Ligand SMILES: Cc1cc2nc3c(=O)[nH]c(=O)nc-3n(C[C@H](O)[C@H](O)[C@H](O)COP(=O)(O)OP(=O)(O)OC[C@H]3O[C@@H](n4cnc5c(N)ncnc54)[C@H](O)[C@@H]3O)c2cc1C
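Starting off, we have a lone chain in the form predicted alone, written out as structure tokens.
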Amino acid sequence: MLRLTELKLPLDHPPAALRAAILQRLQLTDDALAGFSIFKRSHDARKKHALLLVYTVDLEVRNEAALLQKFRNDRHLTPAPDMAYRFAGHAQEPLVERPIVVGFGPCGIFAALVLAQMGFKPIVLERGKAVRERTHDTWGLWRKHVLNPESNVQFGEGGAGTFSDGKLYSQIKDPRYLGRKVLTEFVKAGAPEEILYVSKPHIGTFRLVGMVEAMRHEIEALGGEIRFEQRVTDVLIEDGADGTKRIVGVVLASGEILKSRHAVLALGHSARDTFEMLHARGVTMEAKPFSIGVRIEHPQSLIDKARLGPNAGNPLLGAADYKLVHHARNGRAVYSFCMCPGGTVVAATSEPGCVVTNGMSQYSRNERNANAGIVVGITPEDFPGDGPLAGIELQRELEARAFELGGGNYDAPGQLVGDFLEGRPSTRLGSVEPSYKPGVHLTDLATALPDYAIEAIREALPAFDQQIKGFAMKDAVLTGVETRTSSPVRITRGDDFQSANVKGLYPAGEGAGYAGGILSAGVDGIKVAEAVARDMLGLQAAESGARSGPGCDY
């Protein structure tokens, strides 16, 4: 198999043109090309009036060695890398124990799935509900101002990623192609096959619901167990003879105790009570940087025109996105976060008396508005107080303030961009209708965030307007607050993926501070599952040897 990169064709090319372009580029006859598949498709938008699609294709040809020799100086033709996933090992019956996975978001799903595929029959503990019940509870907040603290955008099957744009791209280094394993499993669960090759794949909320269910069913079919509405309230830790600490089980809110020497902490970034419990138990953790800000909404047509020019509306390109950054004079970095083309702003709180915003899109991305977080990076030096949980304290302060500014009923505080830049409260909407449900209460956002953040965002919006004409349009709507950009905590771990001071405890994913989105969380879940498997296989071999030694009767 060979890989050919940088093959460019016009946006409106017919399907047969791709094969013809391969033949022409490599000077092949038609019968010499046994087959090909698209590995990646992106677009080059530098010339909006002559936009090109850029392909990477994998080829089967009759004489690979000869073709490689012929094009030996062409860096765009190389052997295709081996991207097959290989398991770390397979459990042997009888199992010494069953690993526990706490949390069933993207990280927990892939940790449990890979453990199940290796034969370890994991027990998954999810504090929220199954995805369809959870969706009903989430609509209760969006439609009726009623929050269920245990079943919402943050908690429940699928995690926070279920109610998102379903983006499946990341900036992580992935030398083992674990991201490909994530995408392949998603396709097997019902995602469109195009996520394997488009440059910025996404799925959308409605499709994610069915996929999450399908992956759950596979885990169960392989012997895994998924237990919903099972909140972990404590961890059982024992001191070893050598002075090391080791987890030996977890305690549920019901009082039930589950014993295991291997527990994956696939917590979401909003599992604040669990962070507090782990801190009280002495598990090593630290405060980490995250970002705070607001959501901004524009007409999607404005973004399409600015980004795609005359190609706006082409179905191959879909709704346009953007990625912006500005370094403000006060030293703060302001950037767009979790941009959702053709999407909606959603209520994402998990605690009473708080307002949190996030963005969501369906696969079609055909809603009237584009939205994105406009956020400011902060560090532990900005947090009130000291200690690893100080970032949580800041989040709660800002979210409670947003609840107050929004009217105290889970409406979000909002302001028009023109009024925000001029420093006056908004009293009525303009041409942009906000999408946030339950509703938006117009006010002045100047007190919704620290002064340094307001100052930096006010400077950034006109700067972004230089890159996307109309970005600072007066009628664009700002909605506050965006505080759950990433976890404010990192549960430290070693090279073996185990807690820095508690053996058998595996912090993983976004909540533990090791991922930043669906794809990276899934990849981290796979890595941690492999680490668990290696340790369990070592224990299994040791115990098997002890049972089969001289004088053992079993």
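Numbering starts at 1 and runs along the sequence shown. None of these values were measured; they are calculated from a predicted model.
Absent from the display: the form predicted together with this ligand. The rest refers to it.
Here the chain stands by itself, but in the model of the complex one stretch of 314-322, 159-167, 368-376, 87-95, 159-167, has heavy atoms within 4.5 Å of this ligand. The listed set L478, L125, I457, A263 contains one residue whose heavy atoms approach this ligand in the model of the complex to within 4.5 Å, identified as L125.
A heavy atom within 4.5 Å of this ligand in the model of the complex is found for exactly one of N358, T138, Q300, T443: N358. Within this chain, R231 lines the site of this ligand in the model of the complex, having a heavy atom no more than 4.5 Å away.
Although the partner is absent here, A521 sits close enough that one of its heavy atoms falls within 4.5 Å of this ligand in the model of the complex. By the criterion of a heavy atom within 4.5 Å, S426 is excluded from the residues contacting this ligand in the model of the complex. Proximity of L267 to this ligand in the model of the complex: non-hydrogen atoms within 4.5 Å are present. Heavy atoms closer than or equal to 4.5 Å to this ligand in the model of the complex belong, across 505-536, to the residues G509, E510, G511, G516, G517, I518, L519, A521, ordered by sequence position.
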